[in-house]
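Just the one chain here, the form predicted alone, laid out as structure tokens.
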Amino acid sequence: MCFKTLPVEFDDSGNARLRGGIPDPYSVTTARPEVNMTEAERTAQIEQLVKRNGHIKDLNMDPVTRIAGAMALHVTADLQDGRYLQAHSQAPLFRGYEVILMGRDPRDATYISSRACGVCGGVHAHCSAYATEMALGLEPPPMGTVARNLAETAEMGYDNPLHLYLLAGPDYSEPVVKATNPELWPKAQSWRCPGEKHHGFKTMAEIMTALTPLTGELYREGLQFTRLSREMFVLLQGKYPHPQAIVPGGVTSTITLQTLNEYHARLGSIFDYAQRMMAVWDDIPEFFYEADERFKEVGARPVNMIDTGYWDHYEAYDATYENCNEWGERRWSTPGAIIDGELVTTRLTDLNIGFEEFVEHSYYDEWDGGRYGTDPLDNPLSPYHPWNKRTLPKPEPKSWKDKYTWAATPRWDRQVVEAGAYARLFITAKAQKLPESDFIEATGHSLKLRIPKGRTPETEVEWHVPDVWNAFERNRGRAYHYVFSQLVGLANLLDAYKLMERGEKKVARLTASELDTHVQRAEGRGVGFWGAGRGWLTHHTVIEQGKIVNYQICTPSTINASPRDPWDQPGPYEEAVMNTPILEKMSDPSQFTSVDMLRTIRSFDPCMPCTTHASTGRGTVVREVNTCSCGADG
């Protein structure tokens, strides 16, 4: 069985159907996931604690900024027991791209939806093209698919160093550690790094100093390599962000041997740096675990993950929904869902029909029922599925018991799932469905990554499915995802050279005039199964008479920052914070910075957390800074 909560079952051929005898099969009261504590019970508990002592603190961080907008977080902390009692994640801005796209030419979606994110707009442009070409029935030629893959491995090459060294890294830097966990600094000065031969730092204290914003060696090096990867993207797609060369049915780039050689020259310099990155982020978790095992609980939550897979194989991808399970399982990272640590499916159709979005705690009105009862293969669809969803904004006062965010509440099989680049590692390792490769091997419990010779000798490293899941393992996973993505880039670069040698240089299915004629009579549904630096990304579109009549975007941050669902299950950010112990040291509760919460939230890579406003109960602390260590010294 794929689903354990939705009333959907499968026959021997894998075809889905609704279970019989259920009057309203998709009612939110029919299949209720298990919840440890309701919101009302949690609120009552907090009220009792407040009556008994004065150690309960309300903390409002508004904004904790992220991709394409702000994020705010409200927590209630018990400083005496060292735990978070409550957490609410808020998306305070409404952007409304789904509303903007209504009634437009389907080709506009690629350029408009790209503006959903100024950090990684390339992934939205690609995802939109995938959704549109599925609806229009346009299969890209092989070089078009390979060119997309090369651009998107470059985009991951930009995103991962950005997160690890400019965003999350400063939370482990010398000034932050000295301010929030001063007992760790003497240990860091004497702790010898096992990865010294790869990264060159003798002690953990040296790594922490190198992570210091603006002046640290690793921080400055991260800036350099994010620029390098953006250059690689621009070689293929013209500009970044918001590329103009991505279209339904392929790309409009001119791919020449010179283009590939220039890409190759930049890619070759990355692999030595990748080894250094992995060694740094192998050593950081081990130091913190050894210093205090409670750090294993920072950002902890169940291993429930979801990902659509990424990077199509040019011999398999045909842009059809009918064949998406076949081409999906031949992707360079495998699609799938992991529930309680177990891989339950690798089929894109299962991911699609099990996906729902709720708005009980979001600033939207519910829509009336669903237009589509099934997907194009007659698999049952929920009225809460994106193809049935309508974006009906309804701003109103914030209430923790009612509505408090502009983020919707995506769920898969009505379970709280997490999106992230690391989910690609988990699913690909467990599924063992990788294309044949000289560089990457899935073992069922790990990924073996064979790094070609650069300034350092050829090396094999191995990412293992971790025994614990927390903030530190998210960061470690991104370091390994960095080299994984660049090895996928190398494999696709070799494919591009082969196609070039065979004379297969065509990059788009139709010319501009042919596409214009094709769009005028377009009818259909499509979904872009794609990914971002933060994981899962889907665009769902419905096109009639050549116009968009419905468009829905679900980003990884929507999944991770989601509020409570109809069953009072908190979203991934909220759940991870409530599982996090308070380990920072403070002599005065008014100096509480909540660094453990910040490490938790930033481990999800919510992006660009450069300004923090914290309500301490004595007013609002405001510090305007241009680094991520804003909570370190008050």
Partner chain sequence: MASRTNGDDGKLDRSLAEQFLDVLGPVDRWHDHEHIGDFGSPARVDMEQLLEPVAKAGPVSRLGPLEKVHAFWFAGMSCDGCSVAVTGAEKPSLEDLLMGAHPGLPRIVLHHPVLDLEGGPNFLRAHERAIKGELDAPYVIILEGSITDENKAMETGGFWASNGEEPWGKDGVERAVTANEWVARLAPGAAASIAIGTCATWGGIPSAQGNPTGAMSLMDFLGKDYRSTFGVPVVNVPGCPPIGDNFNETVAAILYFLQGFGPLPEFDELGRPAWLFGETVHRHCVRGAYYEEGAYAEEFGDPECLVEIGCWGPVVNCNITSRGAINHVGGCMNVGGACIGCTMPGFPDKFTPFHKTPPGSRVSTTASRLLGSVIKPLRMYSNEHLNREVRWDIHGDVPSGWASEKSEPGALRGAGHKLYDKLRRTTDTGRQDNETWGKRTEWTQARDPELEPQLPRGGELPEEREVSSQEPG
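Numbering follows the first chain given and starts at 1. Just so it is clear, the model here is predicted, and its values are computed rather than measured.
The same protein also has a form predicted in complex with its partner chain, omitted here; what follows describes it.
Student: Could you tell me which one of G503, P397, P186, P457 places a heavy atom within 4.5 Å of its partner chain in the predicted bound form?
Tutor: Looking at G503, P397, P186, P457 one by one, just P397 meets the 4.5 Å heavy-atom criterion.
Student: So its partner chain isn't shown here. In the predicted bound form, which residue out of Q486, T538, T541, Q237 has a non-hydrogen atom within 4.5 Å of it?
Tutor: Of the listed residues, the single hit is Q237.
Student: Just to confirm the contact call: exactly one of 285-293, 194-202, 418-426, 208-216 touches its partner chain in the predicted bound form at a 4.5 Å heavy atom cutoff, so which is it?
Tutor: Every other range fails; the passing one is 208-216.
Student: Is every one of L59, L167 and T593 within 4.5 Å of its partner chain in the predicted bound form, counting heavy atoms?
Tutor: Each of the three qualifies.
Student: At 4.5 Å between heavy atoms, is L598 in contact with its partner chain in the predicted bound form?
Tutor: Output for L598 is yes: heavy atoms within 4.5 Å of its partner chain.
Student: Is Q224 a contact residue for its partner chain in the predicted bound form, using a 4.5 Å heavy atom cut-off?
Tutor: Residue-level check for Q224: yes, a contact with its partner chain.
Student: Does I100 make contact with its partner chain in the predicted bound form, using a 4.5 Å heavy atom cut-off?
Tutor: Flag for I100 set to yes.
Student: Does T252 reach its partner chain in the predicted bound form, with heavy atoms at most 4.5 Å apart?
Tutor: Answer yes; at least one heavy atom of T252 falls within 4.5 Å of its partner chain in the predicted bound form.
Student: Just give me the residues of 78-95, first to last, that have a heavy atom within 4.5 Å of its partner chain in the predicted bound form.
Tutor: In sequence order, Q90, P92, L93, F94, R95 come within 4.5 Å of the partner.
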